[in-house]
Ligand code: C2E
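Only one chain is given next, in structure tokens, and it is the form predicted on its own.
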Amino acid sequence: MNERMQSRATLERELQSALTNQEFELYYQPIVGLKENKITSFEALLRWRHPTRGMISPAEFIPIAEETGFIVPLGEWVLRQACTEAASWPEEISVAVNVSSVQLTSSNLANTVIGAIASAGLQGDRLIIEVTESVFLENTAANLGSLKCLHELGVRFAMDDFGTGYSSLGYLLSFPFSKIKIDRSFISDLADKMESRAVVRAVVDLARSLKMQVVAEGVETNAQLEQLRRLGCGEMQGYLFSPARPAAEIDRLLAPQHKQLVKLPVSPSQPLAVARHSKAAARRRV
């Protein structure tokens, strides 16, 4: 226990200096439209390249950042960096950024987002802010006020990890989300379990009625992809197409000569022209 406490205390101290020393960077995971068979947006994912430990998993340092409040300045950096890098992409490509409930309760999120898109010269509707249902559990009125202020500027919002929390339909009615992201836990056994298919079908039907898009997270197999197509899911994200990539590789993914990378099969028997990855690769999107 003492060793764990010392390790945590060290990580807390190093987090503070890591931002100053520019040890953080953003990777981007493509989100692919199943109808158009093309990349529609990228989700920005934070990485910490520690000078001695190498890459530290976000699962290790993000909880500490949230508990200590450091997620606020760190989140501001992520928003500015993501908007700056996305400004150089084609205009039809959006960028999605995760925002925690801690950032919302800081009451400065709206100003941070406005400053980030203005400084980068990014159109507001090219930024998608992803939030989980936990942001509505505390200070609901204040949180909704911040989100609605940004929505009026054109910023879009996605309900992330839908189905893992309270999944209250009231959240979808109280705020105009443009996307619902179905958690990977419903996708992993989609091809084998009728119950998972029933959940996905229900979410797709609900989203269609509310004029929202549906993104399936954690898609890793052709069988999962085929089921999503049959169920009417609009977009997918996962290792089947690509893991998160450094910003320097975005142009290659979007380049016309690499269009074959997004040609998804119409049946599981057809080859999928995507990067192959070991099953030992981490399955959790962080």
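Don't overthink the numbering: it's just position in the shown sequence, from 1. Given the structure is predicted, the values throughout are model-derived calculations rather than measurements.
Although it is not shown, the form predicted in complex with the named molecule is what the next lines describe.
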Do heavy atoms from each of E43, I62 and V99 fall within 4.5 Å of the named molecule in the predicted bound form?
yes
Just one of V203, V78, L150, I128 has a heavy atom within 4.5 Å of the named molecule in the predicted bound form. Which one?
V78
So, I71 and the named molecule: in the predicted bound form, are they within 4.5 Å at any heavy atom pair?
yes
Please check if G234 has a heavy atom lying within 4.5 Å of any heavy atom of the named molecule in the predicted bound form.
no
Give a yes/no on whether W48 approaches the named molecule to within 4.5 Å in the predicted bound form, heavy atoms considered.
no
Are any of the heavy atoms in V219 no more than 4.5 Å from a heavy atom of the named molecule in the predicted bound form?
yes
Counting only non-hydrogen atoms, choose the one of 110-118, 207-215, 154-162, 171-179 that falls within 4.5 Å of the named molecule in the predicted bound form.
154-162
Can you name the residues of 14-42 that have a heavy atom within 4.5 Å of the named molecule in the predicted bound form?
Q29
